[in-house]
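Let's start with one chain on its own, the form predicted on its own, as structure tokens.
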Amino acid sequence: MEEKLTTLPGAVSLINDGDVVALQNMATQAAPMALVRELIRQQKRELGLVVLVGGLAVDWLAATGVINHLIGAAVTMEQFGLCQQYRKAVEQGRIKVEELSESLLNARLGAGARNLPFLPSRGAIGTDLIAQNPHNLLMLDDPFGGEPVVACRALVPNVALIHAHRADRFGNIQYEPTAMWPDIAIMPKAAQRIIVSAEEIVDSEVLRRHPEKTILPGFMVDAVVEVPFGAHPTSFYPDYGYDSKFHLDWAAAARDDTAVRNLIERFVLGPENQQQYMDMVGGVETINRIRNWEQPG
């Protein structure tokens, strides 16, 4: 078997400028933030981004000029507010948005994962989404005589970036079933290449004890990197919660470009590795707090 274990720089070097990148993300939850920081450090440009519900990761990528196109249902930091850098980039025309509902996006990715030209849906009927996306959504008569459906054109990203609970060095990926989200079940299987960061790299025998938790076999995965707390400051259930302090600090700075540059330089460009990053965001105190799902008073 081919070993897939590599470093963050090595993994992200597989991504080319102009690629369409599918990013695991649910607002404040389960984003592969270590991989996102490496995208920024390597100064990738003109990436398209596919997200079900984007959050702080999208704001970082917008603030640093990495992305110029977004396909997704929503971008928000939930209770921490709007993603102001993303909003500004869209308003200024630096990022083009293709808005889809969650059901439409999952249908498009589902078609890509199944090597089908499209999958049908009824999720957009009665909305403006069909008129806004005429190249990818089309009303279609039911050949069996039923009600019309929406044909959702297959979406095949160049690369998928995900964060997982554990993996072995051959790229077999495990995810805790209670933490499964729709994007992790469908999105990576639609992509041409898959890059994974994992909380820990374990022996293959450890994975064999619970084969039902393996969501991706090694032959589908192109690179895997061990990155403890690789989803911080988002949560990664059941291992740790999101970091409220970090989100609040970013939200307070996000309207000010100088403050944004300072935070990017400090937390993204400054740390030389994940351990330095975790030390900079609070070290043991922060780790204990998010592991206990505690938020600062």
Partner chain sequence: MTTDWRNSPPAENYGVDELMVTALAEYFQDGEQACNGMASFIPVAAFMLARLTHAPELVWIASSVGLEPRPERIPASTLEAPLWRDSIMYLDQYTDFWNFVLNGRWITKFCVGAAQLDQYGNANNSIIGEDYHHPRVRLPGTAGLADMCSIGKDLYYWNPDHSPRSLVEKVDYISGAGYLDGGNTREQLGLGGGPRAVITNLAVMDFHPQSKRMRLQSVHPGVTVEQVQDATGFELLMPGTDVPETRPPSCEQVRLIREIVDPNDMRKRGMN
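None of the values given here were measured: they were computed from a predicted structure. Positions refer to the first chain, counted from 1.
From this point on, the text means the form predicted in complex with the partner chain, which you will not see here.
> Using a 4.5 Å heavy atom cut-off, state whether residue 202 contacts the partner chain in the predicted bound form.
Residue-level check for residue 202: no, no contact with the partner chain.
> Does at least one non-hydrogen atom of residue 60 fall within 4.5 angstroms of the partner chain in the predicted bound form?
Output for residue 60 is no: heavy atoms all beyond 4.5 Å of the partner chain.
> Is residue 106 close enough to the partner chain in the predicted bound form to count, meaning some heavy atom within 4.5 Å?
Yes, residue 106 sits close enough to the partner chain in the predicted bound form that at least one of its heavy atoms falls within 4.5 Å.
> Do residue 172 and the partner chain come within 4.5 Å of each other in the predicted bound form, heavy atoms counted?
Output for residue 172 is yes: heavy atoms within 4.5 Å of the partner chain.
> Looking at 66, 268, 53, 251, which is the one with a non-hydrogen atom within 4.5 Å of the partner chain in the predicted bound form?
When the partner chain is considered in the predicted bound form, the option within 4.5 Å is 53.
> Within 77 to 93, which residues come within 4.5 Å of the partner chain in the predicted bound form, counting heavy atoms only?
Heavy-atom contacts to the partner chain in the predicted bound form: 78, 79, 82, 86, 87, 90, 91, 92, 93.
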